[in-house]
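Before any questions on how it binds or moves, here is one chain, the form predicted alone, in structure tokens.
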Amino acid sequence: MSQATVARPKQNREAIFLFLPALLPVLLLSVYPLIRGIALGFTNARAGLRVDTDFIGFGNFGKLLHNELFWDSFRIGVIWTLSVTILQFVAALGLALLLNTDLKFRGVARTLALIPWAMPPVVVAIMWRLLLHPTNGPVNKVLQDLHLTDHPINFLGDFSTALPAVIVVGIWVGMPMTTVTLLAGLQGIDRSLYEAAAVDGASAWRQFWYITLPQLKTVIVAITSLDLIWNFNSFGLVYVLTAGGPGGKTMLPMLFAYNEAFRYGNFGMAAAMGDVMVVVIIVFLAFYLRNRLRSQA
């Protein structure tokens, strides 16, 4: 047996010990709570001291099938997720293309573009609540000064405007991260491709369609997948903005599960809702990634 063969197991053990400090927090703070949360969905766990918790199998899931309020929140969550992700991507792509040009004060513009991402969601939500305030908010003042409306609009309190207003805020918050990612992808594209296309007489639109987008496919798949997960699991921003109101018009699934757990004390049912959301997002992402990756092959 060679000396190198004998030394390899020792090196592997050393590598494991070096890996443990990074692995333990992940196991304790992410993996264990996830497994614990999934398991709670199969129990009748409730809030309170010395409350018995029993295994009830798929009882919570059977009740969820007939819970119209939960599925209505799920519908709102899908609308929110797709709207924010798609519009956020379109806006971020346009901004990334602009920041990738020889723009004057480009460094300052890139720094300013990161401001929404650097702010905590709670601070962003409070700021937008002030901006959209029906009587003192500057948005209503500007609209009235431009004679676009003759009365103040309660953007976050009206049934017809609450969800669109929250979607706009969601786009504003998430756009910087998507912009930075797409900008990094744009800067990695070989400039000679554009030069060759320009020599062949390709217009700016054809260069974008046949060079930029194909070269960004991998980046687009990665960032849109992350955005779908983040947006579907959004909680803090919408909670501070509307707390799910008015009349449940912005009640996302995460907010619904939160209320079930911490307002009504039904931890088992809330965990079951979380289990359903995890399964749905995994299935959706599996189909999305498979179709996108297949189109690249």
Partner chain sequence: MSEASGMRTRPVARVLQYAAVLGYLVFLAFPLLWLISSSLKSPREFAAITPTLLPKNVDFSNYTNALEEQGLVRSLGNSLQISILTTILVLIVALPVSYALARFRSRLRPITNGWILVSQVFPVILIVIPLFMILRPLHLTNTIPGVVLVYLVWSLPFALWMLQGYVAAVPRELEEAAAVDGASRIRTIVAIVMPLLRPGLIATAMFTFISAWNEFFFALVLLQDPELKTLPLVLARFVGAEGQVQFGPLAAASVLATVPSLVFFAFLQRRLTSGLLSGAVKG
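Positions refer to the first chain, counted from 1. We call the rigid core whatever largest set of C-alpha positions still superposes within 1.5 Å between the two forms. Every value quoted in this text rests on a predicted model; they were computed, and no experiment measured them.
One more form of this protein exists, namely the form predicted together with its partner chain; it is left out here, but the text below deals with it.
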(Q) With the partner left out here, check for me: in the predicted complex, does some heavy atom of residue 121 sit within 4.5 Å of its partner chain? (A) yes
Is residue 257 a contact residue for its partner chain in the predicted complex, using a 4.5 Å heavy atom cut-off?
yes
Residue 157: touches its partner chain in the predicted complex, heavy atom cutoff 4.5 angstroms: no
Residue-level question: is residue 192 within 4.5 Å of its partner chain in the predicted complex, judged on heavy atoms? no
In the predicted complex, the residue from 186, 163, 113, 143 with a non-hydrogen atom within 4.5 Å of its partner chain is 113
The one option of 213, 131, 82, 148 with any heavy atom within 4.5 Å of its partner chain in the predicted complex is 131
* Are all three residues 219, 233 and 278 in contact with its partner chain in the predicted complex, where contact means a non-hydrogen atom within 4.5 Å? -> yes
Residues in 169-202 that come within 4.5 Å of its partner chain in the predicted complex by at least one heavy atom, in order, are 172, 175, 177, 180, 181, 183, 184, 187, 191, 198
Residue 20: Cα shift of 2 Å or greater between the shown form and the other one (core-aligned) = yes
